[in-house]
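One chain is shown next in C-alpha cells, namely the form predicted on its own.
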C-alpha cells in the first residue's frame, strides 16, 4: 500500500495572504488574533501550520519571554515566516516536517493551530492530539481557529457548499486529499483538554477557541 503524497503548499505560499482577503476579507486575521491579548504569559510555544507568520510575529511581540517552534511542510511558508519574524530570530526555531511526525523538545505550554486542523482527517487529528498531549503538562493552552457548521440550520447547506469549494480549490492547487472537516472538539477532549473560551464569526462558520490541559 502506498501513502498519498503530501500536499504542496509551496505553490500557494506567496499568494495565500491575498487569497484570504479575496474570500473572507479581514475575518480570518481577526479570528486568529481575537484571543491574542488575553493569553497569559507563556514560555514555550509550538506553532503548527502558521503559514507566513502573520500571527506568530504578533505573538512574539506581545510575549517577550516566549520561545517558539514553528512547524510546516512548506519551505516557502517557513521562509516567509522567518522573514516576517526576523526581529525575534533568537526566540524562533523552525522545522520543515509534517506535524504528525514531530516530537516536541521539552514541554510546550502553548500550542497554536490556526486554520490548520482542517487539513487533517479525523484519525490524523486524533493521533496528533494524543501525541502532543503526552508532551504537555496541566495548564498547557491550545489555541485554535477553524471552520465549522454555522448555528442556524438554514445556513448549513450554503456553508457546506462553501467549505466543499475551498477543499476543491486546495486539492487542485496543493494536492490536499482531505474532503471533510474533522471535529477538533472530540479529539481535544479525548486527549485531556477542556475548552475554556470560544468566539464565533459568521454564525460559527469560522471560530476560535482556547483549550486547557486538565
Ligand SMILES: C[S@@+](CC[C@H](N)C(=O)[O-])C[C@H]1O[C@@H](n2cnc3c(N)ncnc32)[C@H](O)[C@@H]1O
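Numbering follows the first chain given and starts at 1. From a predicted model like this one, the values you see are computed outputs, not experimental measurements.
The form predicted in complex with this ligand is left out here; the points below concern that form.
Is residue 129 close to this ligand in the predicted complex, meaning a heavy atom pair under 4.5 Å apart or at it?
Flag for residue 129 set to no.
Can you tell me if residue 182 lies within 4.5 angstroms of this ligand in the predicted complex, counting non-hydrogen atoms only?
Because no heavy atom of residue 182 falls inside 4.5 Å of this ligand in the predicted complex, the answer is no.
Taking heavy atoms and a 4.5 Å cut-off, does residue 88 contact this ligand in the predicted complex?
Residue 88: no, not in contact with this ligand in the predicted complex.
Does residue 99 make contact with this ligand in the predicted complex, using a 4.5 Å heavy atom cut-off?
Looking in the predicted complex, residue contacts with this ligand include residue 99, since a heavy atom lies within 4.5 Å.
So which of 79, 73, 136, 94 reaches within 4.5 angstroms of this ligand in the predicted complex, heavy atom to heavy atom?
It is 73 that has a heavy atom within 4.5 Å of the partner.
Contact at 105, 109 and 142 by this ligand in the predicted complex, all three, heavy atom at most 4.5 Å:
No, because 105, 109 and 142 lack any heavy atom that approaches this ligand to within 4.5 Å in the predicted complex.
Taking the partner as it appears in the predicted complex, which of 183-191, 159-167, 46-54, 61-69 has residues with heavy atoms within 4.5 Å of this ligand?
Careful reading of the contacts points to 46-54.
Can you list, in sequence order, the residues from 110-124 that come within 4.5 Å of this ligand in the predicted complex, counting heavy atoms only?
In sequence order, 114, 115, 116, 119, 120 come within 4.5 Å of the partner.
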